[in-house]
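Quick heads-up: it's one chain on its own, the form predicted on its own, in structure tokens.
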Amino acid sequence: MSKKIWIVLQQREGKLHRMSREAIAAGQQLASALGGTASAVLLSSDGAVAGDVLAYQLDEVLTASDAALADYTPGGYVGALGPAIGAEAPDYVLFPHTYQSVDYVPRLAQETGAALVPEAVSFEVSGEEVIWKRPVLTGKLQARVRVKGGGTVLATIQSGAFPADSAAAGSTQARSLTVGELVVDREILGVEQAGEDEVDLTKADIIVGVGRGVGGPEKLGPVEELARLIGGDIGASRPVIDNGWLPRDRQIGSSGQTVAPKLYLAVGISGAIQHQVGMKGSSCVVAINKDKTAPIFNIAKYGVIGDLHEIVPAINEVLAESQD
């Protein structure tokens, strides 16, 4: 029997969250591996299809419409998705692993009696069996997870695990899902962008990450110039933040932001596992470090072994000349 995969997308004001596109890529790959179908699911107040979802290679786009879905509430989302999953029995339902999905998906699993695999970073298929891989112990180890029994499996997809640009384009049609009476369990007083002056590195295509090896805040100038020349944003490992060299909104890692840029240039970063958790989904990692045994080289596509205080200014000089 053909497997049915749903991908529940996160959107706001008609715009898809970046990780929704990554979830689409994961769903397409899972459907291909299982010989099944992949459909997107969108919840909204008016049934409108967000962004360019119809331009992806999907079986269909399922839209659930209700005034109670105008703003996210766990009760509204569980109330809409729970009966739909019960009625249509998808084999797998994928979600982007965000603060929002962490809030309601465990409750949805309880309501539907579904298995839950959180923070999936990959999967392998053997016959009709799917074995998931997910980080444990703050990313120090990877666990291989097999779901026992039958029924629907819910899985949240970790940022950067499936690059958004790998999602296949195509065309599809929308279909409405029937939504019963929803219970809104939170009163939304308003939505504000927290920390408007803070940097959202999750949206950056290019990041220059700086580590303790830079030596101090007074030595950040060349690295900041490098970021300017290549059109990137500055990120940092935890020691840089703890020492007060950069503000906390620049931190990348298990206790900071999780990013997946097209290019991650790691300057003076040793690559402790806590930092790797936050950036290993980058499409291309370039590392500059004088310690040839630094763990960052294990995940870097390109590595430069040497003194960053000599290498970075030399790169800047070449880049500046090329832009003249």
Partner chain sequence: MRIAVCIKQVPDVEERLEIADDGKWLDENEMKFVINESDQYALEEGLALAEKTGGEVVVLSLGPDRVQDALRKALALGASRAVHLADDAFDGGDAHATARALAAAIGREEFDLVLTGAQSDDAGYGSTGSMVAGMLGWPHAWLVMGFEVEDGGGSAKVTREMESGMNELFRVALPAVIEVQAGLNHPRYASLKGIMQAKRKPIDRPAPADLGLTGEDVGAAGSRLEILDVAFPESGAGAQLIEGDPAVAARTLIEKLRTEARVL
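Positions refer to the first chain, counted from 1. Only a predicted model underlies this, so the values are computations on that prediction, with no experimental measurement involved. So that the term is clear: the rigid core is the largest set of C-alpha atoms that superpose within 1.5 Å between two forms.
Keep in mind that the form predicted in complex with its partner chain is missing from the display, and what follows is about it.
Checked against its partner chain in the predicted complex, the candidates Ser166, Gln100, Thr172, Thr202 yield a single residue with a heavy atom inside 4.5 Å, and that residue is Gln100.
Put simply, of Asp185, Glu128, Glu218, Glu181 only one has a heavy atom within 4.5 Å of its partner chain in the predicted complex, and it is Asp185. For the chain shown alone, Gln110 is a contact residue for its partner chain in the predicted complex, at least one non-hydrogen atom being within 4.5 angstroms. In the predicted complex, its partner chain stays beyond 4.5 Å of every heavy atom belonging to Ala87. At the 4.5 Å threshold, heavy atoms of Phe297 reach its partner chain in the predicted complex. Interface residue remark: Glu60 is not counted as part of the site for its partner chain in the predicted complex, having no heavy atom within 4.5 Å. Screening 41-49, 61-69, 26-34, 256-264 for residues having heavy atoms within 4.5 Å of its partner chain in the predicted complex returns a single hit, 256-264. Residues Gly113, Ala114, Ala115, Leu116, Val117, Pro118, Glu119 of 111-129 are found to place at least one heavy atom within 4.5 Å of its partner chain in the predicted complex.
Here Thr156 does not count as shifted, since its C-alpha moves by less than 2 Å between this form and the one not shown after the core is aligned. When two forms of a protein are overlaid on their rigid core, residues whose CA moves 2 Å or more are considered shifted, and Gln251 is one of them between this form and the one not shown. Taking the rigid core as fixed, one finds a CA shift for Gly76 smaller than 2 Å between this form and the one not shown.
The pair Pro261 and Ala168 is looser in the predicted complex: their Cα-Cα distance rises by no less than 3 Å compared with this form.
Between Thr98 and Arg238, the Cα spacing is smaller in the predicted complex than in the shown form, differing by no less than 3 Å.
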